[in-house]
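Just one chain is shown here, as structure tokens, and it is the form predicted on its own.
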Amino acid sequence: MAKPRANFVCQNCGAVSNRWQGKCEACGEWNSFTEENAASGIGAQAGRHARKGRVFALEGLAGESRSAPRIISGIGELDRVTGGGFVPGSVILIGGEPGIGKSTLLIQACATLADRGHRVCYISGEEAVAQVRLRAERLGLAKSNVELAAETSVEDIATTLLEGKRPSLVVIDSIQTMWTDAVDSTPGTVTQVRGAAQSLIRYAKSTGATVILVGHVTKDGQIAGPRVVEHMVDAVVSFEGDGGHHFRILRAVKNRFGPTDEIGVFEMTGAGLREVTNPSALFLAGRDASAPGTAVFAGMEGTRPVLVEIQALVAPTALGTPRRAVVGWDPSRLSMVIAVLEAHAGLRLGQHDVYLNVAGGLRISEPAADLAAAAALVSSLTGAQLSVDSVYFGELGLSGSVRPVSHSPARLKEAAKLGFHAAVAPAAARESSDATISVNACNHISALVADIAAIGAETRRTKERPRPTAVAPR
């Protein structure tokens, strides 16, 4: 009889090896490998006494399909990100940095659902019940009928929740503190996180309760634990924000019951998180429209158009290698935009430091911001002030051409709603424009650079023009 093979799993990153290693080659962690029997893990072979499979019915693609029922949380931005509310029996994994406001958001959602007559349970593995009550009192939610508990055993949690009425929402804060008897490992390890998540997912699917798992994040912003947990759950949501800004962004990374890349914007106040229904006005508040090097980008976050200010600073460098600093955008996209400006627009940025910042702390990932970033760079280099009532969007090709982007009507409509009268965009955007906003077609980056350089030259001539001197009367 063959000896059952055992695998060694890194408890830091989840890497699997067929032998023990002192240092993990994937993440570099020391003494993180523990033995895991292949006969008991996920994907293990069937045991000697495995039951015989049963025959089940197969169905075709054609048939009646109904949308999944929803439980409206009452928080509009949260419902937007989840696709219209919580689906019964679904499991949502929410991650974010410590202190970003995950527990505050979830306790507000629990209180709102409890006030509507739903049974809601909040299970904390990190804080005592008294600490959760203090937070609820600070938020003014102490009178809500939310059931609290401080427990870490998954079996005890599932047995307790099966008593009485089925809960509509169960919050587990956090999954890294949970442990299950089915796995022989310490809490917080990869094996325990995977086993505890599997048990809670099984409970959600069998009872129809919505379960929200709170997850810690690593230094690079990824949810800690094995990546298989993200594949097991129905939705993965990240709670982003910066300690220097007062707003938070809830972003859907995965959603089986709704659109992905959807965002919800909240503002952190003394009374908790407040919804921001018009994030564009928040991101553009306090901008200095008269300074060169600023351009307003009309972007899309999921199905929501968002206007944000892109700031650029181009300054001569005293270093052998000029600096390239980016905040809120992909550094590789900035390097590509600089290369296109040098190759096809005649600009020389090799002896300049370049700094690019997305105002407000928002992170932009779509390539439609290329044209706005290029306009901000050229404006800073030439000292030209861009038009205060114009927005920019478009993707730059390596040949210098400006390529069309999707959702142009939504971008233009949002810009017109906030008082902008013109848009510099690809020529294809003219077809979707209405009378409220005009589109200045830009087919090549050289045309944009020429227009901005002409504005800069006129500005310099105005500054250098001698002022008339007053003549004293005789």
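Position 1 is the first residue in the sequence shown; the rest follow in order. Keep in mind that what you see is a predicted model, and the values were worked out from it rather than measured.
Only in words, not in the display: the form predicted in complex with a small molecule, which the text now covers.
Undergrad: Taking 4.5 Å between heavy atoms as the contact cutoff, choose which of Thr104, Ser199, Thr177, Gln385 touches the small molecule in the predicted bound form.
TA: Selected residue: Thr104.
Undergrad: Counting non-hydrogen atoms within 4.5 angstroms of the small molecule in the predicted bound form, say which of Ala271, Ala343, Ala149, Val228 makes the cut.
TA: Selected option: Ala271.
Undergrad: Would all three of Glu97, Ile100 and Arg135 be in contact with the small molecule in the predicted bound form, where contact means some heavy atom lies within 4.5 Å?
TA: Yes, because Glu97, Ile100 and Arg135 each have a heavy atom that approaches the small molecule to within 4.5 Å in the predicted bound form.
Undergrad: Is Ala359 near the small molecule? Define near as a heavy atom within 4.5 Å, in the predicted bound form.
TA: Residue-level check for Ala359: no, no contact with the small molecule.
Undergrad: If we define contact as a non-hydrogen atom of the residue within 4.5 angstroms of the partner, is Leu139 a contact of the small molecule in the predicted bound form?
TA: Leu139 belongs to the contact set for the small molecule.
Undergrad: Thinking of the small molecule in the predicted bound form, which stretch from 261 to 269, 279 to 287, 72 to 80, 161 to 169 has heavy atoms inside 4.5 Å of it?
TA: Of the stretches listed, the one contacting the partner is 261 to 269.
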